[in-house]
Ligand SMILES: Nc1ncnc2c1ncn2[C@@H]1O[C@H](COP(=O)(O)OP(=O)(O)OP(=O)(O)O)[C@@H](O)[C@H]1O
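One chain is shown next in structure tokens, namely the form predicted on its own.
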């Protein structure tokens, strides 16, 4: 197993702490994220998913518990916050919240200028980052941000992140609001980035089909507690438990259940279309 790049130890989080309205939303979480893996965090609404993400790049600092990123304790007063946030890049659910320049090039250049990169290096880096997310620099370099589609905005936001050469990518419900084509394009971009750059990827998703396509492991977070953390096949076999949490099942898992009910002997641990196709071909060839 790979080395842990993030360690969370007995982490608690409360909103409005010290007031009569204090509400604890994370309850003693402990887990590790391994170098180069893709971890999905799923759970019902208000289970603490987005709150948890904000501990990985020290938007939140633990008051109770510890978060250690690449062997650095985020509570350590000597922590270089700027360097941590370069290393741990976060894409929010709505890219408009982090795209604030007029053109694509200006937006991607923002972080590079803050780090005092030379102008000629900035231009090369912008073009390279655009190419990495599948956007033609000839077409997009001078494009106005307002003219981009939702999927293009998310890709530009990731290009701005990649320009800073991160090691960990944090995504908050990355395909929310995208049309089917935009969703497929964006997922393909994330897979490509992960395979090419070896990024550790942590993402929250409300779409179980995204989880099946991307995740190496899945964490189920319910009411601020980890109910399960395992490989996808071992998570989605527990249908009744997932449904009891108010979660949906991936489309292929629902189809597998319907096939089993109709008397077709497919493996109930199948979670994606390739596995299902292979199983059905075997059944047809053996009949």
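Everything quoted here is computed from the prediction, not taken from an experiment. Positions refer to the first chain, counted from 1. Superpose the two forms; the largest set of C-alphas matching within 1.5 Å is the rigid core.
FYI, the form predicted together with this ligand isn't displayed, but the following is about it.
Checklist entry - In terms of non-hydrogen atoms within 4.5 angstroms, which of the given stretches 39-47, 242-250, 225-233, 61-69 touches this ligand in the predicted complex? => result So the stretch in question is 39-47.
Next on the checklist: Quick check on this chain: which one of 98, 114, 149, 93 has a heavy atom within 4.5 Å of this ligand in the predicted complex?
Outcome noted: By the 4.5 Å criterion, the partner-contacting residue is 93.
Checklist entry - With a 4.5 Å heavy atom cut-off, would you call residue 57 a contact of this ligand in the predicted complex? => result Result no; residue 57 lies far from this ligand in the predicted complex.
Next on the checklist: So, residue 264 and this ligand: in the predicted complex, are they within 4.5 Å at any heavy atom pair?
Outcome noted: Result no; residue 264 lies far from this ligand in the predicted complex.
Checklist entry - Is there any non-hydrogen atom of residue 273 lying within 4.5 Å of this ligand in the predicted complex? => result No, no contact at 4.5 Å.
Next on the checklist: I'd like to check something about residue 12: if you look in the predicted complex, is any of its heavy atoms closer than or equal to 4.5 Å to a heavy atom of this ligand?
Outcome noted: Contact check for residue 12: no, nothing within 4.5 Å of this ligand in the predicted complex.
Checklist entry - Though the partner is not shown here, which residues of 21-43 have a heavy atom within 4.5 Å of this ligand in the predicted complex? => result Read in sequence order, the residues that approach this ligand (within 4.5 Å, in the predicted complex) are 23, 25.
Item to check | residue 19 C-alpha moves between the shown form and the other one by 2 Å or more, core aligned | outcome: Shift at residue 19: 2 Å or more after core fit.
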